[in-house]
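Given as structure tokens, the chain that follows is alone and in the form predicted alone.
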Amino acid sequence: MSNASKPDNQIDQLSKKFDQFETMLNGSKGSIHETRKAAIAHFLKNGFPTSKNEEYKYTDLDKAVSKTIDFSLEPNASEFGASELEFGKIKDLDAYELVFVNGQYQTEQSSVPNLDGVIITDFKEALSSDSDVIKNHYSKYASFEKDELVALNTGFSINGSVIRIKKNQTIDKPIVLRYINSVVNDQTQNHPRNLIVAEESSSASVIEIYGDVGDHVSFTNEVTEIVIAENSQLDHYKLQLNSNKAFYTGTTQVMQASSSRFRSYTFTVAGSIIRNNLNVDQDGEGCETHMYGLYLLNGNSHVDNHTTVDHKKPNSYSNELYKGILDDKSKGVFNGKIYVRPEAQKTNAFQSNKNILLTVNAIVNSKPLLEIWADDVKCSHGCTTGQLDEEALFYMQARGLSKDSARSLLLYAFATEVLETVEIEPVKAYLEKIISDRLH
């Protein structure tokens, strides 16, 4: 339904902002601008998703955003101090890094390699050079016609990163994309756009980190498109270290070719409303996909994880494990879909969502789904939601542990199943400390 009739609301603000955005481009609109205009037209017609949309049944973004976000404000990266730029930096991690403040690329704080086997640059620079990666892949996988949040991001896409791992190359260090919101003096909004292309027989790890410094509201609407060519491997981490006043919506769209492997890790520790869309198309034979998620919620945090794995060709494999620990009045949503197409014989696909509720006011809505059109497959899905095992608590207290220590130990053990899948040791240690501090 059109929102054009609503006076002086976020839709009007964003319409005016796009006009200003076009003026700011000042002739450097490039080959993708027609896509931008089509995308913003789609968004302005439909607006933010409401609970009437089945995919957003438990996350009414229109209602939440209309009460909170002022899109007429302009983000200001210059307000950030030097010490604040350390936010989200992982100790002892030797990595290539791109740093963004309020969506704007920070050249001096970034460390971009000059290597023959990889191209790492900010999105704006790739646009100005009319990069072939942009021409060949931008907006080819994350469809703005199917999701209004992707449409909004596509309309304003100018800041973010472009990563290309060339054929037969293995990148020796992780590539870190650190997005920091400066909300010390006022709220901010930004729309990061990432494009990651792993060419044939290449291998790399990419870590996206999102967080806030300050006490005001932030709105981040991110889209990442990932292309994994034949025989390539990509590990993708998303660390969400947002404040309890942060609104974050993100879509990661992955296209896998034959014999490729993709591993995804999503860790969420805070946020007012967090919406994660992770969609994987296995468009080749022998694909392998692993998806891990852990969310630790307290206060009034609301986290919604939507995942899709589409098995299109034979002999493919996917494994998905998402776990949640919810305290206070927090709310979690998990909606996982596995599709097995008629041609995808010999598919193995497994999905699991497990949750622990620490209070009677915490809520989880879990909906695992299988749709199978092939007959020679092995597939399973399931979800569990409950409280801590009282017998286990009693057993540990009987052996000298306090109730709080026993509780923390059981919760940490619950989270460890996901943590153990992390292979980059400094990242694992960083997450272990965050989780341990939270659980204590």
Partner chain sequence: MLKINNLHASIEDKQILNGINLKVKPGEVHAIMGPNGSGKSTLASVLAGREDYEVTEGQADFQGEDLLEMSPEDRARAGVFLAFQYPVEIPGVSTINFMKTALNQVREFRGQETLDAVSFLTFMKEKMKLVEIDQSLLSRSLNEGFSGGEKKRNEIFQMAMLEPKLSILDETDSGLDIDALKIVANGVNKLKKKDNATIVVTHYQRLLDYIVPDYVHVLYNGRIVKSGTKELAQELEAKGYDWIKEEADATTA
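In this text the structure is predicted, and so the values were computed from the model without any measurement. Numbering follows the first chain given and starts at 1.
Keep in mind that the form predicted in complex with its partner chain is missing from the display, and what follows is about it.
Engineer: Among 400-408, 64-72, 369-377, 31-39, which stretch sits within 4.5 Å of its partner chain in the predicted bound form, heavy atoms only?
Structural biologist: The contacting stretch is 400-408.
Engineer: Honest question, do 21, 24 and 125 all end up within 4.5 Å of its partner chain in the predicted bound form by heavy atom distance?
Structural biologist: Not a single listed residue reaches its partner chain in the predicted bound form, so no.
Engineer: Since only the chain is shown here, I'm wondering whether residue 388 would be in contact with its partner chain in the predicted bound form (any heavy atom pair within 4.5 Å).
Structural biologist: Flag for residue 388 set to no.
Engineer: May I ask you to state whether residue 383 is within 4.5 Å of its partner chain in the predicted bound form, using heavy atom distances?
Structural biologist: Residue 383: no contact with its partner chain in the predicted bound form.
Engineer: Suppose contact means any heavy atom within 4.5 Å; which members of 411-432 contact its partner chain in the predicted bound form?
Structural biologist: Only 413 sits within 4.5 Å of the partner.
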